[in-house]
Each structure stands twice: as structure tokens, then as C-alpha cells.
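In the block that follows, a single chain appears as C-alpha cells, in the form predicted alone.
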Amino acid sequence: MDKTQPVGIFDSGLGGLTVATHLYKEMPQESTIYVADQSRVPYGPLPKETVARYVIEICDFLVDQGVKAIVIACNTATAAGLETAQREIKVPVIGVIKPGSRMAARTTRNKRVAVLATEGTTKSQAYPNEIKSLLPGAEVFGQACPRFTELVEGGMKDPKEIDAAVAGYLKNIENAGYDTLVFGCTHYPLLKDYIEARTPAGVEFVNPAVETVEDLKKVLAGKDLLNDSGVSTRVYYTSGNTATFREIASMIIGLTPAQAQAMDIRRVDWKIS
């Protein structure tokens, strides 16, 4: 394997860009290929078996593009398909739940952690199981927030609608006494200002992207695969509309990809149009 090969990153949509942009900041020397499966977003309400199949499809596509490692920048996809991908895919595959859980276990002072996530991630119990394995006696309060992904993918155009959704979801855990809140979906850090305004003072926020990128760095360093060529590239694919991808990526994250290539996912082999 060549050091200059890119790192693959994927999500059901634009949320994984919160991981990608952190990677750009911390590992600017690395080339990347980002895949947004926007024609099938959101993953949260889908059956676990369906999401696991999507994970393998996208990983296979990224391997065909010559990546040296893959980051599943989606909590739902990590919960549903990480273990299968790590068994079946020939390059290292990293998810976001274990890194996020480690951060939460280190951060909490009172062992009470809230996790905002999709329906799929919440039902999987992946965060409670992982956090409790790291911090015995911890209490984890999961709250599914299905509207959040839709609001982000729609461009976050109505602040009142966003605030109403945040208020409704957080009301369900307002008496939980948590001191740490995990963004258990990569879309959710983009709503931090709204969420922070509705959480108790002193609550610490955990963005799993931070620790996920550190994990990637360690994996690549351990395999002597850190790019030291001085040249890096950024490639973007979407299974949705390319113009919409560029517009919303620019609007919500300040990222303007020079080009976003279209993907046709009607075929399992992911033919590129």
C-alpha cells in the first residue's frame, strides 16, 4: 500500500463533513475521498440489515478507488455495519462510536451522560454499552432526534423550526442531571449553537470527530502510511444532486468543494455517472 493513497470518508449525507473538516485541520497532508449517500439519507429509520448492506457497498466502492483506510463518519452506519466492514474490507475501517464513548467517559464528572442520536443508533444501545464498559456505574440517557438530520440536509434555513425541534427533544431529558452531552450523529455538531442554548450551564459537549481523527492518525502511523509527499487532494461524491451538495456544504460548513461527482447507486457496484 502506498502512503499517498487517499483516506475514504463516508456518511449518509453532509454530516460526515464535520469529521472530514476536522481531519483536514489535523491531517492536512492526507488526500481524501468523501462519499455522501444523499439519495438514501437518512439512515436512522432504516433496518439495521439495510444500513449494514449500504456500508459494505460504499466501502467496496472506496476500496476500488484505492483508499488506504476508511472512516465511517456516521454513527448509524457505525452501529449497524462497522464489525462486518472490519471483517470483510481489506483496509482498516474506523467508526465514530468507540472514539466518542472514550471522550464521554473521560469528560463526565458525575457519570451521567446524554447522547443525542438517530433512531437507529439509539435503538442499537451502542453508546450506553460502550460508555458503561469504559466507566462502570455510568448512566447514559439516549434521545433520538430524527428531525435534526432532515433540518441539516435541508440547509438549516428556518431557525425557529430548528429551535422548536431542539426544545422538544431536550425536554425529554431535562431532569436527567447529565453533565456531558454527546453528539451521537455527525450532523448534530452543526446544530451546537441551538443545542447549547437549551442545555444546562456547565454541560460539556463531546464531538466524536476529534477522537476519531486521532484514531485514524494512530492507525496510519502504526502501518507507516502517513502521507509525507507534500501533495494532497480532496475528492467528493454524492448519490444525490451535486449542485445541492455544493450549495448546502458551503452554507452550513463553509466548505466549497471545487467539484462534486455524481454517483448512481441503482447498481450494487456503484457505477459513476
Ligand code: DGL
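Numbers for residues come from their place in the sequence shown, where the first is 1. Predicted model, so just to flag it, every value in this text is computed and none were measured.
Unshown form predicted together with D-glutamic acid (DGL); subsequent notes refer to it.
- At the 4.5 Å threshold, heavy atoms of Pro42 reach D-glutamic acid (DGL) in the predicted complex.
- The closest non-hydrogen atom of Ser101 lies beyond 4.5 Å of D-glutamic acid (DGL) in the predicted complex.
- Stretch 115-123 is the contacting one of 81-89, 133-141, 169-177, 115-123, since its residues have non-hydrogen atoms within 4.5 Å of D-glutamic acid (DGL) in the predicted complex.
- With contact defined as any non-hydrogen atom lying within 4.5 angstroms of D-glutamic acid (DGL) in the predicted complex, the stretch 189-208 contains no contacting residue.
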